[in-house]
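Okay, so here's just one chain, in structure tokens, the form predicted alone.
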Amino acid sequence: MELRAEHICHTFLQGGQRLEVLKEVNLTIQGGYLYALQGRSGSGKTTLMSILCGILAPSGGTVSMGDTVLYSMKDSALSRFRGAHFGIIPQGQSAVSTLTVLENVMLPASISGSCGGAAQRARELLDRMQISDLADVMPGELSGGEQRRMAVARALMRDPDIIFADEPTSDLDAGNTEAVLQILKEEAKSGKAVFVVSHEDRISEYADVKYDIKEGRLLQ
């Protein structure tokens, strides 16, 4: 299944003036590919990702997956669709501080009510991320790299069709950067679509499709 963004535009009001962040962006995301989106800070990378994954409604244009038009749905239906089809790795630290690592990874299943076998899958994902020994630890005790691996595991919890990652390797050392990018590449090879927003030049080594965004326009 593919995700299509057609004629996407987005504007913000800044200081009483209308700022056009995205201009007529057209994009198709298909399974089996790792897409990298790069651009300077403030260029609209995160805005575009937020629109693609059903978090931010665009000012104009449509986003659809199969026969489903994302922003034609009510918020509750869109939230369920997003949870079922998308895995999102947000920028920065996003753990729930009062939950253990295992509980954080299980959170998508807990929210959706699909808890059958969730603990076992979460432990398998933590093992794959090489942090299974930290299952009962609180997030505040993790290093930056461990936090990021936990976020990747959480994004994979419901076996999504598309993985969206916003700066997944920012502030990581070379070893953790390599580990996270390798995991995302493996997901693409397994048939999932992976869409990565990154400042890292290293992402180019892993990407199947590379885009830049300049002055609100998508360039390949």
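Whichever C-alpha set is largest while still superposing within 1.5 Å between the two forms counts as the rigid core. Keep in mind it's a predicted model, so treat the numbers as computed, not measured. Note that residue numbering follows the sequence shown and begins at 1.
Missing here is the form predicted together with a small molecule; even so, the following discussion is about that form.
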The small molecule contact at Gln14 in the predicted complex, heavy atom, 4.5 Å:
yes
Would you please decide whether Asp161 lies within 4.5 angstroms of the small molecule in the predicted complex, comparing each non-hydrogen atom pair?
no
Consider Gly44 of the chain shown here, and say whether it contacts the small molecule in the predicted complex, taking contact as heavy atoms within 4.5 Å.
yes
Is there a heavy atom of Val25 no more than 4.5 Å from a heavy atom of the small molecule in the predicted complex?
no
Choose from 152 to 160, 57 to 65, 188 to 196, 33 to 41 the stretch whose residues reach within 4.5 Å of the small molecule in the predicted complex, heavy atoms counted.
33 to 41
Name the residue from Ser143, Gln91, Ser79, Thr100 that puts a heavy atom within 4.5 Å of the small molecule in the predicted complex.
Gln91
Can a Cα shift of no less than 2 Å be assigned to Gln14 between the shown form and the other one, given superposition on the rigid core?
yes
